[in-house]
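You are given structure tokens for the same protein chain in two forms, set apart as structure 1 and structure 2.
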Structure 1
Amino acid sequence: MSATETAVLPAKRRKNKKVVALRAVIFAVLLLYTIFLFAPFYVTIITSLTSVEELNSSVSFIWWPKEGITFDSYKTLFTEDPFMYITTIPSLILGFINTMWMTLLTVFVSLFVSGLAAYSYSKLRFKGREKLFMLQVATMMIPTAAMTMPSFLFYDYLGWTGTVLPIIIPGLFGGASTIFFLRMYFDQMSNDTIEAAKLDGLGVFSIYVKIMIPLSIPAFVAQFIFSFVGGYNNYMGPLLYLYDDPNMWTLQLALSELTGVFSSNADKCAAAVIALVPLLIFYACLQKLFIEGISVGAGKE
């Protein structure tokens, strides 16, 4: 070994030690972040599986039920629901059903319309295209809360209050954020396929349905998840327009009302877990396409 190589070795060792130390610090920070991230979920789940008696008798946090795991709180939610005399079935089940059909109907139509608008902005050429697009994007800057009262007054004037129309109809016309995202995705797709389709006699709408949508499934899935989660967690809309009719309550509204009725923390946490599980299953099934879809670079050339 030469003298030069002998002198380089200590420098490499010092560099390797720095790299190892840096990785150890990063790992420790990520581990701490993970603990803080999942701690609320652990607390919620453990509390829901602890008996009411043990919770009431304990003055400190229960890391694990001393009396063993019990599902009494979950049973209580489905057997002692005070709203069942109106809804005939447990509020959480009815709320979940209402949430599904209200949200899925809106999301599917909204995605189709938003994708069509994004395709028009990306691949079609017409006068005022960029100005119209920027105007639509500018609406994203308006706080949602600022439009709550004007929207309520408008829908009340139309006679829509007390119905599902204010929850469903506005979403059928697409969303500015979805259009913005899908346009970026479409911009990175080659125009050669579209030109070839035009030569084969396909029209604008046929190209969108038969070519653009199949090639953009990951992007649509990503936006579907965002839109679905937003609709699933929507509380203010149902509270304003559906509160007077328990048979039309969504899951979040039913969850809010039940946690106000049941005084036990175990019952409240059990209700929260029930509401959370469908989202976890939903994301677990679509996470691969979701991760691919949020990467704009996934557009095909």
Structure 2
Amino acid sequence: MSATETAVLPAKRRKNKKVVALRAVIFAVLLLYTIFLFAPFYVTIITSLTSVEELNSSVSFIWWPKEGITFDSYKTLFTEDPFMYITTIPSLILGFINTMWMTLLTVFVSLFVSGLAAYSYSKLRFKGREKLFMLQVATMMIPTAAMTMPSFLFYDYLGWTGTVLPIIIPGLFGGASTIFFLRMYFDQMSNDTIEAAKLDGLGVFSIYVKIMIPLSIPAFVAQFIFSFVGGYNNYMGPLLYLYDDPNMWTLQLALSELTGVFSSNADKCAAAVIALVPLLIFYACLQKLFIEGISVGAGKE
């Protein structure tokens, strides 16, 4: 009895050692990958805090500014922005405001409209329901993104170029993938609450607003997050339609134009940091919802 125990123990210990070593290797790989991912942030932040003079007089990369850190580049962006001549407030701030209202308006309406369609597909009975749903899903197979540039002709014909309409209006009609996702979610909900509400005399629209939306907040939040990030970072749309008027520039457009104006990399890096910070704060606050939002999608897929 004791002989077998002593024989087992070293083998177990050896196995434990192996597991510990494996875990250490995994940890090291994850750490190295983190360094690879965050090195650009370090470089950008450090450079944005280096004075333009030190940067200009240096012959190689500056790992840490010898003259100490300075916020001059940030000041420059808010005081010497040449577009202020037209926009009166710094173009990065105006760009942020423009981005926020354009994105939030589109995302909220789009979510509401998509949810409404998903609710009808899931809970209402009407002729051709499943056929229309197949059609809606089939639109996802069409790579409309390839047609972004030729769409310019269409909006130019409507007289919408140079206005925010091409950025906002198409989004107000809802999106196929959101409808698909929300329908899956609604399908899993039991109909009891809806039947009870019907008995209370609630109409179909009231049921959507008062029952479906409150009961599906997680699904809406997941969709909101990704639509919002997509809208916030959208570049090609504003570039095509809003380029001519700095007063309508979005944050990304202002950022790309400013980097063409400021020649110092300290200023460029500062501009990038300013543009990144709002969304990074948003992510830091809601990171759990981001991860859950994608995970729900993975489960459905």
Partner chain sequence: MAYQEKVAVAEAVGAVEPAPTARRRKKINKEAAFGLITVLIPLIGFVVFSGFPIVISFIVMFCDMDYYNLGSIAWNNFATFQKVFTDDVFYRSLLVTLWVASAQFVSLAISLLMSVLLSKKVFGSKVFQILFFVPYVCSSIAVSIMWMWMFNDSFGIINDLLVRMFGEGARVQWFNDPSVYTWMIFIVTVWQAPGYGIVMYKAALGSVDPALYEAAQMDGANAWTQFYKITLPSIAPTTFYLLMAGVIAGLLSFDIPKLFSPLDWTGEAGPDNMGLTTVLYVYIRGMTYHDMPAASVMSWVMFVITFIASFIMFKMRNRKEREA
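In this text, rigid core is short for the largest set of C-alphas that superpose within 1.5 Å between two forms. Start at 1 and count along the sequence of structure 1; that gives the residue numbers used here. All values reported here derive from a predicted model rather than from experimental measurement.
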> Of these two, which one is the form predicted in complex with its partner chain?
Replying inline: 2
>> My question is whether T76 is one of the residues whose C-alpha shifts by 2 Å or more between structures 1 and 2, given a fit on the rigid core.
In response: no
> S190: CA shift of at least 2 Å between structures 1 and 2 after core fit?
Replying inline: yes
> On a core-based superposition, does T87 travel 2 Å or more at its Cα between structures 1 and 2?
Replying inline: no
>> If I align on the rigid core, how far apart are the two C-alpha positions of M141 between structures 1 and 2? Answer in Å.
In response: 3.8
